[in-house]
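First, one chain by itself in structure tokens, the form predicted on its own.
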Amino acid sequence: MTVAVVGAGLAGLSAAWELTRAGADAVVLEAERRAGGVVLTEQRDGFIVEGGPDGFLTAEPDIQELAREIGIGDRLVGQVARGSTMWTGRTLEPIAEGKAAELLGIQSTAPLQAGFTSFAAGMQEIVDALVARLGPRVRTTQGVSGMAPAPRGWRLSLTGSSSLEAQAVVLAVPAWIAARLLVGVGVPGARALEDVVYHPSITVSLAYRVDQVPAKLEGTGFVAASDASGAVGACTYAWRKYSKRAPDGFALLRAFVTAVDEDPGAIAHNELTAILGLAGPPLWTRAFHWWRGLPRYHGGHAQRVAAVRERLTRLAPLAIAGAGFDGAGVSACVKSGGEAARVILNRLGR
């Protein structure tokens, strides 16, 4: 009997990989046309352009262990530049190692000072490798609109008026989607998962010639002080943070922009010109909009999730995983997906 994994972000793909390794017949159902969720890398004119996270905390082991399991451990690359600055509204001032990540809301039990790690060709590498290893088990444009108990597990209602019966299910979807599906099968307290607030995120990558960017720039980038005016809340010097993110003689910046009505690329360039002293227009810009990109938890979140998980033990095998529950970082998603898979395997006696 099939184990259905709903959602093909890193949590869902990691769950499916763990299930498959244990001999379970896993199928991944993804509503979108592509797997990976907010993990998205584009290659453009020799630049490596990240649409979502550009890396993960080096001190977090889960995603690195997964990379080695699926044969891409040699593609891991460490952070090259070190240190960050804060834009006060007037000047760029050095800040302590790890402080920028803390100010940006990156939460982890691992030390932030250890820096970040990525993949040589961008974060998409781990998504592509997982999809390749899972093969036809990953079904895109195949969303789940509802679920109901079945004699041998669950019956999932799929887009296109079809259905799938599964012995067990992993819901690796945003919290508000999981809440709707769980409320539909009568899980007490599931509506509390809707308390997770997903904030919009806009990132803009901007390409320049190196001679357009002041040579005095140091570190991996800057974060703006809370009282600094402007739409740019932070900027990564992407071509310095990791090697080979831009061709020789070129520079790549990545700005994090608040929600704006006008062209975010133009706004980012204008503000970065004033802050960094750029010379001339960018060669190109690429904006990525994630309208529900960054989950943030209210107090008592862990207790609410634990209460829901305890209630799931009274049903046919069913688990939840992902950034909406166990931490928003990519390594946290890998860990969450793996743990959900092990819950299912234990329930199935595997």
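A quick note: this is a predicted structure, and the numbers were derived from the prediction, not measured. Just count from 1 along the sequence shown to find any residue number.
The protein also exists as the form predicted together with a small molecule; that form is not presented, and the subsequent description refers to it.
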Open item on the list: Can you tell me if E32 lies within 4.5 angstroms of the small molecule in the model of the complex, counting non-hydrogen atoms only?
Closed with: yes
Task: 4.5 Å heavy atom contact, A59 to the small molecule in the model of the complex - done: no
- [ ] With heavy atoms only and a cut-off of 4.5 Å, decide whether I177 touches the small molecule in the model of the complex.
- [x] yes
Open item on the list: in the model of the complex, is there a heavy atom of the small molecule that lies within 4.5 Å of any heavy atom of S84, even though the partner is absent here?
Closed with: no
TODO: Can you check 41-49, 285-293, 305-313, 65-73 and let me know which stretch has heavy atoms within 4.5 Å of the small molecule in the model of the complex?
DONE: 285-293
Open item on the list: Whether G221, G233 and P264 jointly form a contact site for the small molecule in the model of the complex is the question; each needs a heavy atom within 4.5 Å.
Closed with: no
Open item on the list: Can you work out which of A251, A190, V173, L130 has a heavy atom no more than 4.5 Å from the small molecule in the model of the complex?
Closed with: V173
